[in-house]
Structures are given as C-alpha cells and as structure tokens.
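Okay, here we've got a single chain as structure tokens, the form predicted alone, with questions on binding and movement later.
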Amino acid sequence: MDNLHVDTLVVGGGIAGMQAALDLADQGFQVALVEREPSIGGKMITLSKVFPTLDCCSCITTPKMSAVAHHPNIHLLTYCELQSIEETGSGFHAAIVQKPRYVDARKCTGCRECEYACPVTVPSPFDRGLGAYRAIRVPFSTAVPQKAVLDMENCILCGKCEKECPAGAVDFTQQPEPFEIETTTIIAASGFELTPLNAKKEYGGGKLRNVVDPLMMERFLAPTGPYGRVLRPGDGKEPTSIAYVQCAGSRDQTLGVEYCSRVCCMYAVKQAMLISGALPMADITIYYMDIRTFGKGYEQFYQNAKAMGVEFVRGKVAAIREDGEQNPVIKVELTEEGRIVERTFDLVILSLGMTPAPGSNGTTSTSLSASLGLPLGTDKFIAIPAPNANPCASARPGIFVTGTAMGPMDIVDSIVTASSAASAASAYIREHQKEAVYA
C-alpha cells in the first residue's frame, strides 16, 4: 500500500463519514476515507426503512456508497485500522494498517465463484448471526467495494476457493500492511454500537432465544433479511404478539448509561408500524417510561402508530422469563395503575441504547480517542468543547467530529453534522493554505 498525502482523513465509512467525504471532495479537496469493515455503509445499510418518512434505507445509502467509491477525489481504504496520529508542522501524520483480506483486491472482480465453491458456512454478522455466509464471500449484496474477504478463523484451507477463482486473486499468505497518510485535517466519524443485549441480566437478552435486539428486527423487516419475513428465531414461528421494552439500554445508572439515546422511541415506533403492515393480525405493545418524539414530524408519526392499533403502555419492566414453549413472559409495573402484572408474548425486542463504537471509547486495544489525543465527555463519546460556537470542533485544532462519534443522534442529524464538520474542515484547510502562501 502506497503512502498518501491528502487534505482530509475521514475515519469511518458510515452515513456521516461518507457525507463528510463527499462534501469535501466536491469542493476539490483530496480525501482519504478509512473504514475498518470490508465495506462502507455503516449501520444504515443494515436497516430496513428510515423514520418518519419510511423511505428505503438501502435506496438512500447505496447511491452514496457508489458515489464515494467512484469520486475521483476520494481514496477509499476499506478493511483498514487507524493505529496512531502524530502532529506535524503542516497537519497530521497517520499510521494505518491494511488488514489482510487474503484476497488481492486489485485482481478480485466480485464474481463470487470463490464463495460458491467454499464448503464452510458460518453465522453472518451482517444479519446479526441469524443468516449465514461462506468463509470467503463478498460481505453483502450491495457491498462497496464488491471485493471478497476470507474469514481465516473459520477457513479449513481446503483450497477450493483458490482453485475456482478465475482471476487468481485468493492469497493465503497475505499479511497486515502498514502505510502512512499525511493530512491537514481529520474528521472522526467512528459511529456507535448498541448496548450489549445481555447487559441487563433480568431481561434475559442473549439467553432467551425470543428476546432480540432492534437491529435483529431491522434485518427481519429488510427485503434482504435472513428469513424474508418476520419470524421468531427460537423456533421459526410467525409471532402473533410482540412487545417492545423501552429504555432497556439507556437512562440506567446500573449500566453506566445514564443518558437518553434519543432514537430508541422512534425506531420502536417505526418497527411497530412496519410489523403491523407485515403481520396485520399481530398484537404489538410498547412498554415505555416516557415517549420522546423530538424531531420534525416525529410526534405525528407516533400518533399514526397509535391510530394503527399499536398499544402504548406506560410501565417499568422488571424482568423477563421464559415459559415452557419459549414464550417470553414480561413482569411489568403498570405505573399509571399502580399494579404489577405478568404478560406473555411470542417475541420481545429490547430497545437498546447507543454507546461509542469500539475503538472510540477504549473498548479495543487501540482507542480512537486516544489515537487522536481527544478527551471524552461524561457519556464516553468524544467531547465537543464549544458545541454552540463550533458544534463539530474537537479539543484539538484540525480534528473534527461528526455523527454518533460525538453522541447519540438520528440519521438526519448525523448527515447535518457531517456537512458541518466538512465545512469546518474546509475553512481550516483554506486558512492553512493562506498561511503557507504568506509564509
């Protein structure tokens, strides 16, 4: 991998990172976009529809992914990890490692012949472990780039993929390749993760088969999902009663997540409406402490869900257990009635909150915030010292933050902050270019 000299290094290829990269590239700046996964797209490409318009997520994200890949001013670097950042007189020096795909990306045509030949099937992380893929595969149907990647941990080294590849791209000897990027500015767009499904032991997440997380439900509802329709994973039955438990991973001191994640109410309402359309006879109940519909059109979206028959019950869920038929049984305090009841459902979705992505809060060996030399806020997201004056500027000049790297937010706000970060980075670059001229 050759060393690069660019105007901006964008770390993270989700919707915010892609938008920031495109905004800068369209202004004529050279941009390097580094993504740790084999494909860009982030969390948004895994979703079914967006709220409150219910537009197709893939229809929005895929063209943007393609625009990034084909833009002449963007250097797309997937399956790469940022290792360290050093400040130089003119900007920053970034040390990057290209992780081995065990496939030569320059030769691979994305024909999938290797995938068809592979005899090893493993759970697919793209489908939250519910679907399956081969040990060597193109990550998903709309992946960008359309290049295969080999899961060496599950590979049995049978050589069938190497034999079938018409381009001779399979290379079992690949090693990590370090390279360097010289850049004037950096934009951190590292995204988020969900609160762990098993964080609250009393809810049975991770142990009870029919208690799932919201991204699993997104895959059930997506046209490209593992089942093609909504089924409960425990036994493949079509659920007739479904419950959502709100604040299952936010506003909880015991989890160390005291903040509201902002999007949980809205994605639960959205999914309930989509399930109501997919399963018209299903009873859908949302147990909540407070409904927070903060954006334009969001309150009407909530009212529409109630009009469709989605039941909203104010209550605090204490525990979830399982009966003899794998049905989740919810024990809930109905706060408006002052009594505790137990109710049985076919399927329960825990509305988990947002936490900083691995690599941004010290959850991996190389912390993004530590690499960038950035302090964290009390919520463990990257701190913004002056959010009112400069909403995307970090504590370190020349480094900007966007999307859920700075805190929980929805897709609309992620895109807005991405353009804001790109604008701030553009001004910073132009100012430095002036200083270089007059130096």
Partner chain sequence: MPEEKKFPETTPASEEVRVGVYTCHCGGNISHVVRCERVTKSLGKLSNVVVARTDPSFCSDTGQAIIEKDIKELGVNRVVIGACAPSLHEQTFRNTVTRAGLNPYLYHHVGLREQDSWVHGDDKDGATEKAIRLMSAGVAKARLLIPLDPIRLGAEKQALVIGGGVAGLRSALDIARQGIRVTLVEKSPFLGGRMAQLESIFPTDEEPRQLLHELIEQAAAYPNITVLTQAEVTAVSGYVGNFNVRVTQRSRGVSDEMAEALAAACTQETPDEFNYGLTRRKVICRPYEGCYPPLPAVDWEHYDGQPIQLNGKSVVLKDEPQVHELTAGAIVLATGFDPYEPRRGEYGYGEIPEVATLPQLIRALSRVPEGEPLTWNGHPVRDVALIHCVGSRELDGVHEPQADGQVNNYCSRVCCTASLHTAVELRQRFPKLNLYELYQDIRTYGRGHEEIYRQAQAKMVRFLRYHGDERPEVAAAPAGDTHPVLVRVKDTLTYGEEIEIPVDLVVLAVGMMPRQIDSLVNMLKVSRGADRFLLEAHPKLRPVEMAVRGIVLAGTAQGPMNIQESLSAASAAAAKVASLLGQGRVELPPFVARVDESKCNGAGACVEACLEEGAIALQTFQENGREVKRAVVTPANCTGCGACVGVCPNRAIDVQAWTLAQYEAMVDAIAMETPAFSEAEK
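These numbers come from a predicted model, not from an experiment. Residue numbers count along the first chain shown, from 1.
The same protein also has a form predicted together with its partner chain, omitted here; what follows describes it.
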query: Triple contact flag G159, L197 and Y267 to its partner chain in the predicted bound form, non-hydrogen atom at 4.5 angstroms; finding: no
query: Per-stretch contact check against its partner chain in the predicted bound form, the hit in 187-195, 318-326, 249-257, 211-219 (non-hydrogen atom, 4.5 angstroms); finding: 249-257
query: Contacting member of S276, Q98, N73, S124, with respect to its partner chain in the predicted bound form [4.5 Å, heavy atom]; finding: N73
query: Contact assignment for its partner chain in the predicted bound form, among I286, A94, A135, V144, heavy atom within 4.5 Å; finding: V144
query: 4.5 Å heavy atom contact, P397 and its partner chain in the predicted bound form; finding: no
query: Heavy atom of T293 within 4.5 Å of its partner chain in the predicted bound form; finding: yes
query: Residue contact check: E337 to its partner chain in the predicted bound form, 4.5 Å heavy atom; finding: yes
query: Its partner chain contact in the predicted bound form: E299, any heavy atom under 4.5 Å; finding: yes
query: Interface residues of 400-423 toward its partner chain, as seen in the predicted bound form [heavy atoms, 4.5 Å]; finding: M406, I411, V412, D413, I415, V416, T417, S419, S420, S423
